[in-house]
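Consider the single chain below, provided in structure tokens and representing the form predicted on its own.
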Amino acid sequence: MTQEEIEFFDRLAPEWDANEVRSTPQRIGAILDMLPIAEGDDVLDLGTGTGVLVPYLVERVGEKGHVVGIDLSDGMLSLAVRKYGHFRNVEFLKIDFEEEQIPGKYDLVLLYSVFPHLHYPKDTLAWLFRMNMKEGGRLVIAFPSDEKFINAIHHERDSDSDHLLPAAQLAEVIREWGYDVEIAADTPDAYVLIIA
């Protein structure tokens, strides 16, 4: 993530939760219902932001599970810690996950509303599978909307690199990288790819 991107998210952090209208409890619940999450799982939430997924993940993994939220924005992380730092099985780390090693192995790695921001998506997925995935683990790319909604937001920022391909096209690209991909959802309210 560039310094400009970090500063962008730091600036948005105080109003992020108020402006994030797509990540409703119903949409998050529906997306998580599609995922292979079990009690006791270790879950890595990359680009956790203000921790929007954290309470829902904690509920699903239970007391024996562990949730690690990673972000590079101090503004976002400080809000996540303030809201959810009281959970015993939650940890927040400031790491540039495309450049730095993440500690631990995980049953599930989530890229929720993050994938278009990756600078090196192919290399990042390969690194995560090699270094951070437990045997049989899954990586998930998910959004509480379709690519049209995401791309309209990113168009306002005037960034061609932040555009999201339609689910079927992105799935095909990732298959060409050597992974199995299931399209779990491709609707106006959910975009979910499960990668193994």
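Computed from a predicted model, the values in this text were never measured in an experiment. Residue numbers run from 1 along the displayed sequence.
A second form of this protein, the form predicted in complex with a small molecule, is not displayed here; the remarks below concern that form.
Trainee: Okay, which stretch from 60-68, 40-48, 165-173, 128-136 lines the small molecule in the model of the complex, with non-hydrogen atoms inside 4.5 Å?
Mentor: In the other structure, the partner sits against 40-48.
Trainee: Counting heavy atoms only and using a 4.5 Å cut-off, do Y56, V90 and V109 all touch the small molecule in the model of the complex?
Mentor: Checking in the model of the complex: none of Y56, V90 and V109 is within 4.5 Å of the small molecule.
Trainee: Although the partner isn't part of this model, could you tell me whether D123 comes within 4.5 Å of the small molecule in the model of the complex, counting any heavy atom of the residue?
Mentor: Flag for D123 set to no.
Trainee: Test of understanding: in the model of the complex, would V114 fall inside 4.5 Å of the small molecule by heavy atoms?
Mentor: Yes, V114 lies within 4.5 Å of the small molecule in the model of the complex.
Trainee: Might L72 be said to contact the small molecule in the model of the complex, defining contact as any heavy atom within 4.5 Å?
Mentor: Contact check for L72: yes, within 4.5 Å of the small molecule in the model of the complex.
Trainee: A80: heavy atom within 4.5 Å of the small molecule in the model of the complex?
Mentor: It does not: once the small molecule is placed as it appears in the model of the complex, A80 has no heavy atom within 4.5 Å of it.
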